[in-house]
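Read the single chain below, which is given as structure tokens and is the form predicted alone.
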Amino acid sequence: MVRGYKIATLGSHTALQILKGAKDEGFKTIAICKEGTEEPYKSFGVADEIILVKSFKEVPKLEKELIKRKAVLIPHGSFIAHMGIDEVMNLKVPYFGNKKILEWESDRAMERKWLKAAGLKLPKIFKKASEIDRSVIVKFHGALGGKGYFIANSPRDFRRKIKGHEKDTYQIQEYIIGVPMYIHYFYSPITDELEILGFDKRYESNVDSLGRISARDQFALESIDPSYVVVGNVPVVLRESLLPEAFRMGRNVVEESKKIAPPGLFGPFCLETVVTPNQEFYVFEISARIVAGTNPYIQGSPYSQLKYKEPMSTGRRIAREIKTAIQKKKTNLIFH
């Protein structure tokens, strides 16, 4: 056990690898689970303790107990989606990450400003549906795993598909043709080192299953609209000649984050990109936290295997950073 500290997270998203990685680094672990969802954390043996709640919105009520137990909260996609940004910002439990960056991540306009200032190539954004002159993808705000996203090819097509969601907050984004590529980074404020820990593609329902159907049969299914709900992740190894650009983009994003939200982005983050036939990266989103695409790499990726002698998942890399900060008495750099 590392000086009595415990690693805690919500039982969802990437909790299995976060808790497994924490145990591998010598921490005791706590899984906060909604009632009825605790079995995986019991079955896989990654949680030393399971706290049951009816809703993740009850987590703030656990603050005093978590602080008493020297727990460190590790955020993932379910934190914002289920608790809300205000509740997360007000948490007083030690939290691995810079909460100031959440506002930039959760607002698509601010996110775009950040990525553009970092010098990344971005898809065109249409302010009005009447401006649509090519294929676009309509994305709703928040970490909802692609729920509700749709493709539109004209103002008329957009108006037909947006029905029922006109009051929701969304962004109309140019649809870039290429290979979706999700880059898993880790930045250490202790060493100022940027690492690439892996890449993945998402398996989305029902768009990926529709892609396996012939064009002739797709016409017969014209009443079915494609959806982009993420149901799984597929590991990918990037063409090696593209790695320098991947590192450049990650470093630029980190350096720009230090200006807009000091002390800046640290720990795991992901650039969600499309690689075109011209081998150009278009960045359409950033996740300023661990992403579910790291889950195939609980025993490490080809990239972590190049750098580490032991299996190194992103979850374990988080725990390693926390342990290093404790040992070097630099927890002020990573707990916010």
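Heads up: residue numbers just count along the shown sequence, starting at 1. Since we're looking at a predicted model, the values are computed, not measured.
This protein has a second form, the form predicted together with a small molecule, left out of what is shown; the following refers to that one.
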All of 186, 196 and 262 within 4.5 Å of the small molecule in the predicted bound form, heavy atom check
no
Partner absent here, but in the predicted bound form, which of 154-162, 81-89, 186-194, 251-259 has residues with a heavy atom within 4.5 Å of the small molecule?
81-89
Answer option from 66, 59, 46, 292, heavy atom within 4.5 Å of the small molecule in the predicted bound form:
292
Heavy atom to heavy atom, is residue 105 within 4.5 Å of the small molecule in the predicted bound form?
no
Can you tell me whether residue 174 touches the small molecule? I mean in the predicted bound form, with a 4.5 angstroms heavy atom cut-off.
yes
Do residue 17 and the small molecule come within 4.5 Å of each other in the predicted bound form, heavy atoms counted?
no
Residue 13 within 4.5 Å of the small molecule in the predicted bound form, heavy atoms:
yes
